[in-house]
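As a starting point, one isolated chain is supplied in structure tokens, in the form predicted on its own.
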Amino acid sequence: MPKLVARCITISLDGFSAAKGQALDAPFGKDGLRLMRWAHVTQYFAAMIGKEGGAEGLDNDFLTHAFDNIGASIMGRNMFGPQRGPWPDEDWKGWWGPNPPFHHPVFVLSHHKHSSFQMEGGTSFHFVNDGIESALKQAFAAANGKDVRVGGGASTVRQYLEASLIDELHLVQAPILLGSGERIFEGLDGLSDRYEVVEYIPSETVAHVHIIKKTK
């Protein structure tokens, strides 16, 4: 059966997946982009932005395979952009430029209506304002039998974990302290009854943690 997975979700040692103060020039909040240094030095990231070089190895392997068997993605509004409240217009097309790295339908959770649109490379964005289960139903339908990936941010991953809808979570623990920001693992009572850690794999820069939903 198709699964709901979350991959390459990075948190700091003190548990934050983004810092406070998200802005157009700070998608992970003030100084929060430090979380992603492990990814930015890889061969995969260099190729994604049209450059050569970059590090190979374990971190690069995880990034390279993050979209394996993924037919659609779900993300929160704050992962799509820094805007808050009603959309002032529909000019903003995301952080990723004209050819985003998804290459499949992406469903964005929002409290406010927004038109769907198509980007280069097969990526399309659709906006869902009637809850996480509606977004998941639409994403599975669009994925055509493949898995669906939750991209973030913290609130979105937390909501799907709280509802026990995520089947597999690949967490990346970066050796930095943010001090404040957005946490995934907050208010998730009984999480250990429903999920378990099955792998802990350290690389030279971060630790990769594989968490799965327990079978009854």
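Note that the structure is a prediction, hence the values are computed from the model and not measured. All residue numbers refer to positions in the sequence shown, first residue = 1.
This protein has a second form, the form predicted in complex with another copy of the chain, left out of what is shown; the following refers to that one.
The closest non-hydrogen atom of G57 lies beyond 4.5 Å of another copy of the chain in the model of the complex. Among heavy atoms of I176, some come within 4.5 Å of another copy of the chain in the model of the complex. Though the partner is left out of this view, I166 does not reach within 4.5 Å of another copy of the chain in the model of the complex, counting heavy atoms only. In the model of the complex, E52 stays away from another copy of the chain, with no heavy atom inside 4.5 Å.
Heavy atoms within 4.5 Å of another copy of the chain in the model of the complex are found in exactly one of 176 to 184, 36 to 44, 146 to 154, 64 to 72, that being 176 to 184. Contact check for D14, Y200 and A207: all three have a heavy atom within 4.5 Å of another copy of the chain in the model of the complex. Heavy atoms closer than or equal to 4.5 Å to another copy of the chain in the model of the complex belong, across 17 to 32, to one residue only: K20.
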